[in-house]
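Below you'll find only one chain, the form predicted alone, shown as structure tokens.
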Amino acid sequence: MNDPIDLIRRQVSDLHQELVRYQLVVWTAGNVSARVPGEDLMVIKPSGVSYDELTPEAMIVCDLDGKVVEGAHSPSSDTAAHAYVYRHLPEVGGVVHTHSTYACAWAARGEAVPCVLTAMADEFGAEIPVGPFALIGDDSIGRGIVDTLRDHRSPAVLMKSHGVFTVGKDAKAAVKAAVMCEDVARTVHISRQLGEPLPIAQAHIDALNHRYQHVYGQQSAAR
């Protein structure tokens, strides 16, 4: 397990179970991928394989053009989208796709989730934006993700009529963003049943986001 690819395979396999744990996926939908540090490679789940059957050995190693380098199965149907993100956003180390219920409801409306909660300001620093409609199978979805998130604080995008894609410094961070995306999408939806949610001033959003990203949690000894 000292091989960096083996380590990433195990991490990606384990993180798929978090999608199930937080009820972000059904059947075989959804996927997690991770960039292999120092290599032009990524690891992603195989297409159409049950979550119960996912193991580190089942994960597929692809190059950043989406071509299989190692693995016994076909890679996820979203491989081209993930690969496009890695090629064009070098700071991204993990990508996640889910069809979580409440976030998908916003995507079906083509409507961004407004930043009306401090938890949203913390994690997303802005609204959760909507990306363009795109068909599965080539890098069209990846282009939409990159075009939407490149100059946006949010690590999550709602691809119109499709679902959630999130990015992060690593795969764990991207999974966290997917979990938080569904949580706030649900809460804001419920809030709208009671009336119009109250906006948060941009200056407060900025302050909350800065604190969460740079102060919150356990800091290194050097800080």
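Predicted, not measured: the structure shown is a model, and the values here were computed from it. Start at 1 with the first residue shown and count on from there.
Another form, the form predicted together with a further copy of the same chain, is not on view; read the next lines as being about it.
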Exercise. With the partner left out here, if you bring back a further copy of the same chain in the predicted bound form, are Arg21, Leu117 and Leu194 all within 4.5 Å of it by some heavy atom?
Worked result: yes
For this session: Answer for Val175 alone: is it within 4.5 Å of a further copy of the same chain in the predicted bound form, judged on heavy atom distances?
Result: yes
Problem set entry | Close approach of Val69 to a further copy of the same chain in the predicted bound form, 4.5 Å, heavy atom | no
Problem set entry | a further copy of the same chain contact in the predicted bound form: Ser47, any heavy atom under 4.5 Å | yes
Problem set entry | in the predicted bound form, Thr55 touching a further copy of the same chain (heavy atom, 4.5 Å) | no
